[in-house]
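Take a look at this one chain, the form predicted alone, written out in structure tokens.
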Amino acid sequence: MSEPTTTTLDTLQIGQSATVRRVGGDGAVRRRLMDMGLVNGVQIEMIRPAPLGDPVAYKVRGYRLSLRKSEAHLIEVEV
């Protein structure tokens, strides 16, 4: 079995799942992401990008969440 790799959320492909390891960003942005359920250890799956590629829909904690790629880039995940 291969070792998990660490990357950022914006690099996931459609249908790919990962585990959140760290949420970056400055105060208010970081707090908002964490309030939406993006905390260490939570599973997240990339569902699909919008027609023009941004924002991207993710499934987290049983609901769909849309994030801009710039926001997704702040979230470190383990694939």
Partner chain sequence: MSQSMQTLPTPLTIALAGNPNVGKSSIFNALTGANQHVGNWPGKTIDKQQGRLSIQGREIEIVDLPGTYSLAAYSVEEIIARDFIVNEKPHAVVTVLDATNLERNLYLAAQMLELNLPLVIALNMADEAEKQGIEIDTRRLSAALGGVPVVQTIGSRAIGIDDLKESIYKLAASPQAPVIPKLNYGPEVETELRALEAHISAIRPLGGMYNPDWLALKLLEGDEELFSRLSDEGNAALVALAKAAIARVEELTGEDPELLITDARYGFIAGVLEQAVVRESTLLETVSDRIDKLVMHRIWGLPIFLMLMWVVFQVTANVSAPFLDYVDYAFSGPVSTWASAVIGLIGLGGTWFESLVVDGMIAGVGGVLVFVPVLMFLFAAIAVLEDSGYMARAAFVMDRVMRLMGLHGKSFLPMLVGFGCTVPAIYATRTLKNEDDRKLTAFLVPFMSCGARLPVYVMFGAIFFGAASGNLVFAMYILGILIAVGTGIVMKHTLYKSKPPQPFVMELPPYRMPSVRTVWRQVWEQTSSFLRNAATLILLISMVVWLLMAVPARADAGTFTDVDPEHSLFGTASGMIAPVFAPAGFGTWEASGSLITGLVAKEVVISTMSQIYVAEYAEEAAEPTTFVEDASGLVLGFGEAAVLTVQEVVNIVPRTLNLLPGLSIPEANFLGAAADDEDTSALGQVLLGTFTPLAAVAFCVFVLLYVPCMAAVAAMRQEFGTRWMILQAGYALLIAWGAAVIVYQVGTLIGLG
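Positions refer to the first chain, counted from 1. This one's a predicted model, so the numbers in the text were calculated from it and none came from an experiment.
The same protein also has a form predicted in complex with its partner chain, omitted here; what follows describes it.
Using a 4.5 Å cutoff between non-hydrogen atoms, residue 18 does not count as a contact of its partner chain in the predicted bound form. Among heavy atoms of residue 11, none comes within 4.5 Å of its partner chain in the predicted bound form. Put simply, residue 33 is close to its partner chain in the predicted bound form: some heavy atom of it is within 4.5 Å.
Contacts between 20-53 and its partner chain, taken as any heavy atom within 4.5 Å in the predicted bound form, involve 22, 27, 28, 29, 30, 31, 32, 33, 34, 35, 36, 37, 39, 40, 48, 49, 50, 51, 52.
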